[in-house]
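Take a look at this single chain in structure tokens; it is the form predicted alone.
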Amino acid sequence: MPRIKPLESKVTIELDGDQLQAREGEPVAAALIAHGLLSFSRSPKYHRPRGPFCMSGGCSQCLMRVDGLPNVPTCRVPVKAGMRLERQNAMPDGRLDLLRANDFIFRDWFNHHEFLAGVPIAEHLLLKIARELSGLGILPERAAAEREPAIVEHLGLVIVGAGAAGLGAARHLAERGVAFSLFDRDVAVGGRLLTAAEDRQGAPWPAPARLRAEVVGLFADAGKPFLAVTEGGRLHLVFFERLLLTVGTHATLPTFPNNDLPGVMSGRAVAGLIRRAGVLAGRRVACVGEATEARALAELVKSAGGEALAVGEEVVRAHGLRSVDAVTTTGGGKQRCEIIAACGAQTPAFELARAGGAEVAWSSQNQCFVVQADAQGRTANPTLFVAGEMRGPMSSAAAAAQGHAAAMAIAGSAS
């Protein structure tokens, strides 16, 4: 698939023995998509092809073996010269996987714990075979380096998430001279301000932040809360006094037949590839799902030289063998396409908030679980605040306004 922009800072990488040109520093997944490659690995049981879906490290669809290390999320790893990539869970390789016969032999179900259970010899042999064939990849080529001790930090106000809500809060605090520490796992601040297709979307405020710092847990030691953060290959235990969570959402895989085919992607993933990587995932993109986001994505796809179709429609079925080649929708019937971009399918990332004592409840209006908070973002835990799409779907402007309101409350300038 041709790039939108000319390839610069060229380096050579290897995929299953083939040499490919890529841009140094871009996500590995983006580099492969730029070559028209959407099948990254195979599923453990049925050996169905798998390809990137969310492009944010949350779906495990783009896992590959990278330089001898299995299960690497290629959407989160930058390209380096000489990098060696291998598709996982395939025999002899990902392009022609003989074990995919499972998908045709066992069309309805296959539970290896029950299959041939009770049959002498056969059940033990089958379990051994299943253990050999299933799982995610094979062991690394080399032993992992010895882990260094965790770094312990004591901070005051911590903000997790440098998207629209987090930056809205950070800007308010900075303007009033309130000290804070901002963490984000990405390589730049902005979140969906950099990736999503949205009307009248502002540019991100360049807040000082600790980037490539991923918060993986929220715990307490002797009643004192702390964050577990991976940064620079080290674990940091960050104790805090007040915490504002603005971590947004997870992309949700929509439900329809063949929804696991490579080429079914989150709408924000498709938009992010265009806006950040300069890569159009496919010439013909079905922009389906939530109408407002779908229309904005369609305009972005067309501006990148692609063709948008089935805009705002609902998917009945995806078609294809190794990847998407067509889609059937409620309004347009069956149409040829390479990408099905699911717009609006997002689930609030409430896990950290719940671990911190916030209440999470089902929202019948939004049809998802959301974090419960008042107008200033206060939760059931008086030291924990939340803002943005953790509280339900909203525009980036609305998320920034919530971040601003939470910052006012935290700084003591609002009742």
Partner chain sequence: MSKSLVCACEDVTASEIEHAMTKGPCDIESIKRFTGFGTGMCQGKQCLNAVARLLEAKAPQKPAPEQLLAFTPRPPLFPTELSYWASASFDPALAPGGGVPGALDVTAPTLRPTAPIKSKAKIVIIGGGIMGLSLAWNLTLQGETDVVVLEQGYLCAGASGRNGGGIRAQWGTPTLITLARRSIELMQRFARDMGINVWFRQGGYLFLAKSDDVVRRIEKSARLHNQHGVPTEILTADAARDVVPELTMKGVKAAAWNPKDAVIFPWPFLWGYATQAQKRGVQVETFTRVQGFELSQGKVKKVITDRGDIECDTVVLAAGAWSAEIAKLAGVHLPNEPHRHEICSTEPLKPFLGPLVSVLDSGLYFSQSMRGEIVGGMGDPREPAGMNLGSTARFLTRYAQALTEQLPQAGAVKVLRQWSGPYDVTPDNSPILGKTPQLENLLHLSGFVGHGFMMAPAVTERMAKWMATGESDELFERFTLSRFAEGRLEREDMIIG
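Residue numbers count along the first chain shown, from 1. The structure displayed is predicted, hence computed values, not measured ones. In this text, rigid core is short for the largest set of C-alphas that superpose within 1.5 Å between two forms.
The protein also exists as the form predicted together with the partner chain; that form is not presented, and the subsequent description refers to it.
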In the predicted bound form, do 156, 192 and 205 all reach within 4.5 Å of the partner chain through at least one heavy atom apiece? no
Option touching the partner chain, based on a heavy atom within 4.5 Å in the predicted bound form, out of 137, 312, 78, 332: 137
Quick check for you: of 258-266, 169-177, 274-282, 293-301, which stretch puts a non-hydrogen atom within 4.5 Å of the partner chain in the predicted bound form? 258-266
Residue contact check: residue 40 to the partner chain in the predicted bound form, 4.5 Å heavy atom: no
Partner contact for residue 74 in the predicted bound form: the partner chain, 4.5 angstroms, heavy atom: no
Can you check whether residue 115 is within 4.5 Å of the partner chain in the predicted bound form, heavy atom basis? yes
Even though the partner chain is not shown here, does residue 45 get within 4.5 Å of it in the predicted bound form, heavy atoms only? yes
Using a 4.5 Å cut-off on any heavy atom, which residues of 47-63 would contact the partner chain in the predicted bound form? 47, 48, 50, 53, 57, 58, 59, 60, 61, 63
Does residue 179 shift between the shown form and the other one by 2 angstroms or more at the C-alpha, the core having been superposed? no
Given a core-based superposition, decide whether the C-alpha of residue 122 shifts by 2 Å or more between the shown form and the other one. yes
After core superposition, I'd like to know whether residue 147 moves between the shown form and the other one (criterion: C-alpha shift of 2 angstroms or more). yes
